[in-house]
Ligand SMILES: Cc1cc2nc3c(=O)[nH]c(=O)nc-3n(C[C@H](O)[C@H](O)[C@H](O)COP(=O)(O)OP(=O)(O)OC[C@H]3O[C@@H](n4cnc5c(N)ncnc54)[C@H](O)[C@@H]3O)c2cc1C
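Next up is one chain by itself, shown in structure tokens, the form predicted alone.
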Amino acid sequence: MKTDFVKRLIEICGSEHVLRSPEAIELYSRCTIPWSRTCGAVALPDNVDQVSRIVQLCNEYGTPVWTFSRGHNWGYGTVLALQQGALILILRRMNRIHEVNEELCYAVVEPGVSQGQLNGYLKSKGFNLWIDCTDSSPDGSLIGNALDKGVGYTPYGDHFGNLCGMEVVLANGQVVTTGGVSKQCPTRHIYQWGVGPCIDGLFAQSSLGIVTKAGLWLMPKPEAFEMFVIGISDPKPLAPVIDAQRKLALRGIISHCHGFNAFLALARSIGYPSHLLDGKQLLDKEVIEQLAAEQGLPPWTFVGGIYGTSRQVRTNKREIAKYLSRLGHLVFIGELSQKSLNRIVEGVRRPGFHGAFYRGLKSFLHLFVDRISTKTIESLLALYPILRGEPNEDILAAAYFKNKERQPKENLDPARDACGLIFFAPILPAIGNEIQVFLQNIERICSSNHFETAVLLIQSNPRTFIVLVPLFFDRTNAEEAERCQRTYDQLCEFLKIHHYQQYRCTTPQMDNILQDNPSYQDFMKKIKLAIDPNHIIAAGRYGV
């Protein structure tokens, strides 16, 4: 990176916000996937004017620039560019909350605003509004996740679908606001389609511009809320459970349910039991079943939220029970039962008489609670606030499955802490038999490469499920890292053969992501060439 370029970059951002030391370059070149690129420098702009000037500077010097909101895209590429020596922009200093409108239920925020920050702001100001959050870090960006088409848990779980009205910096430094209306237009953040062509979608998973501000729709705090949990003790009824959830979601009774298999649940709570490998490279199924039994984990667990008036919640609970109770062990957790269970979890840990009392109390409770471990109850209860838009790090702990000794008590950062993780993220029709057969093929590919299969099923909308497969590996083991990358490549090839799509992919996979639709790729590249002829902004991102 040229000295003059760096000097002018410092003039824009300030010397303390342009990172060039070997230690900083090494830190920002870390990743959880077995692939690497080394950046040339890291800049942390403070406002849209600085972003615009940086892009113009990159154009002048022909320097590629890749932008990340807060830099937590773990499992896909973290903050790595496709090109060696690229400038990395991290927008975490752009963390202003410009507006919260309680009547119309939206906020206007910058990309550096985190899930935890906006949730805390709404509570501190007494707004009767909830965000929808992911089950990743509270430090994760709201806009960044939305632009990568992330999914949460509440009826507002389609994060990109709940953006409205963007401010975008183009490759020539021009600042554009979407919607075709003036910045003062009162419907700019509440009517998504604007007037004329709707261009907002061009900036999702995109290399066409840098989003520096957006409207975000918020959920009005419901009168009543309960979480439901269904444990599937036999994996055979998985297909009917998926079909039942589709039917319930199409009627608007549930939305964005999440289901996880026992192996993924184990990854959240224990370190990888390498002492049980018995000379092999993956755990026997019997070993996994025994570990799950010790924790009281069924083969599959699904969770979801029920929102509305008290009457609506009561009615919807009856409908959910009608569809799901015959397929597994179904329980509902409201505010009172959640508090009681939390007290029991805390009490069981106490020494002496108090601990014995709470252990006895636990045994007298519902069979579902009695037969699962206290640690598993605690993990399930950690989902309760997430379903209310209150993020925590409990599920993110799974990223440390093969690196538990490096897991801190808080402020988790899998890339910083040398965790090995690739996310394979296809999306399928919400047809139970199709997903069940698909999972059998995924397990076959994983086991042939000596990896266990962890799965998270995410109901992205009533008609589709994301089948998220986290591939855990030991970063200190070069052979295992190579084998993990090979597994991911084979999984991607399986998708291509069977014409399934990925909802998100790793940075090195982006070169291949649009190969099945060359006319679409050609069209997008023509748009790219028209507005970014020097291919400065994130060239090659998602195939463009």
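In case it trips you up, residue 1 is the first one in the sequence shown, and so on. Source: prediction; values computed, not measured.
The following text describes the form predicted in complex with this ligand, which does not appear among the structures shown.
Heavy atom within 4.5 Å of this ligand in the predicted bound form: which of A214, L421, A81, I254?
Only one option qualifies, and that one is L421.
Can you pick out, from L327, A267, A171, L147, the residue that has a heavy atom within 4.5 Å of this ligand in the predicted bound form?
Only one option qualifies, and that one is L147.
Can all three of R93, V175 and T178 be found with a heavy atom no more than 4.5 Å from this ligand in the predicted bound form?
Heavy-atom distance to this ligand in the predicted bound form: none of the three under 4.5 Å.
Taking any heavy atom pair closer than or equal to 4.5 Å as contact, tell me whether H72 reaches this ligand in the predicted bound form.
Result yes; H72 sits at the interface with this ligand in the predicted bound form.
Taking heavy atoms and a 4.5 Å cut-off, does I442 contact this ligand in the predicted bound form?
No, I442 is distant from the partner.
Answer with yes or no whether Y76 is in contact with this ligand in the predicted bound form, where contact means some heavy atom within 4.5 Å.
Result yes; Y76 sits at the interface with this ligand in the predicted bound form.
Please run the contact check for E452 against this ligand in the predicted bound form: heavy atoms, 4.5 angstroms, yes or no?
Heavy-atom contact with this ligand at 4.5 Å: absent for E452.
Partner absent here, but in the predicted bound form, which of 204 to 212, 284 to 292, 431 to 439, 230 to 238 has residues with a heavy atom within 4.5 Å of this ligand?
That would be 204 to 212.
Going by this ligand in the predicted bound form, which residues of 125 to 148 come within 4.5 Å of it through any heavy atom?
Read in sequence order, the residues that approach this ligand (within 4.5 Å, in the predicted bound form) are T134, D135, S136, G140, S141, G144, N145, L147, D148.
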